[in-house]
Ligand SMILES: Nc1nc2c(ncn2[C@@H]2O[C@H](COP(=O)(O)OP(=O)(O)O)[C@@H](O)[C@H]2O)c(=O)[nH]1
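In the form predicted alone, a lone chain appears below as structure tokens.
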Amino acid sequence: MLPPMLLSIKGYSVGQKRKLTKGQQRRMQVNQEKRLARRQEATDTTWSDASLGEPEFGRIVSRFGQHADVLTEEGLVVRCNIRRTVVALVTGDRVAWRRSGELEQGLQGVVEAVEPRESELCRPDIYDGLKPVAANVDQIFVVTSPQPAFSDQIIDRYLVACEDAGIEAVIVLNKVDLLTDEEATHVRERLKVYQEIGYRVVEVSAHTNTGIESLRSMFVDRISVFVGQSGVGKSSLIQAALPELELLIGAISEGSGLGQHTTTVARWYPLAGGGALIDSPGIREFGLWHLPVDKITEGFRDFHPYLGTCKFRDCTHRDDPGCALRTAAEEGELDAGRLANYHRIIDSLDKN
């Protein structure tokens, strides 16, 4: 039998599973990353400049540590090493790379430089701040549906994130075949608000193929991302609108040995009609807690004509005297629902 002094160590009894603190988990993750980096350095493939070809241009399909898959101008995907001078490389980046004359450790070249990004999609991280996960995105499809429940508050959260990133947003109402008459009236009234302030809205059903052709036409020559809360039908919608994508994902999964839903990094999927879809669990949902209040306010494009016209510069747009936003909402010039959603988002920042 163990001596009594060994039965309890720092409050943990024998047989009790020790629960790590967030700080301990973070340190373990950092140490693991350092070990992987050292292992990578030990196995890194290096080529002399003489063994590399002339610079070529390509697009990052996906990144894995110090390696990346590059889509070449010929439409082939080659795996390359990444120069240590290249930082923050993400899916969608346009890069300059050089081809090796010999295949070493499965690598076919080196990524040497990244072109300036036109847009950047980031994911907030509680430890690392903002982490870029995709670059050069043209449009974000914000998917909503009557089931599990239509929520314009969630739509507004996504739109704020899109406005902050400077990426065009398209609102997609999926599962329109499930709308009751009463729901249809309410939902379309709310969606009309977004149309009036300049957002495109499309109604579709992955089940009945309603509006699918219209949605499909929006992918041509554009780089797109789908976002939306769980249960709105993003996956079924992608399968209905882009059947060729399911075949491509299946081929990649078969070749890599990974299941279709086990990918943890962003990946670029070229589309048959031109353009591409970037998919990753990390960019399907947005958090806003990293944004200051003024950025969130600017994310409501219909607020812009009234900003700076309140009586007080530090107006919170609630019960402050002379608030231009509240006055506009009371007079019907500004949608009161959007203003209420704005306050809910601001209130949620303190909770997070």
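Note that the coordinates shown come from a computational prediction; the quantities given were computed from them, not determined experimentally. A residue's number is simply how far along the shown sequence it sits, counting from 1.
Below, we turn to the form predicted in complex with this ligand, even though it does not appear here.
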## Note on the structure
Testing 202-210, 153-161, 82-90, 268-276 against this ligand in the model of the complex with a 4.5 Å heavy atom criterion leaves exactly one stretch, namely 202-210
### The unique member of P243, G166, G231, G101 whose heavy atoms fall within 4.5 Å of this ligand in the model of the complex
G231
### Summary
Contact with this ligand in the model of the complex, heavy atom within 4.5 Å, among S235, T180, Q105, Q195 goes to S235
### Task
Heavy atoms within 4.5 Å of this ligand in the model of the complex is the criterion; list the residues of 138-174 that meet it.
N174
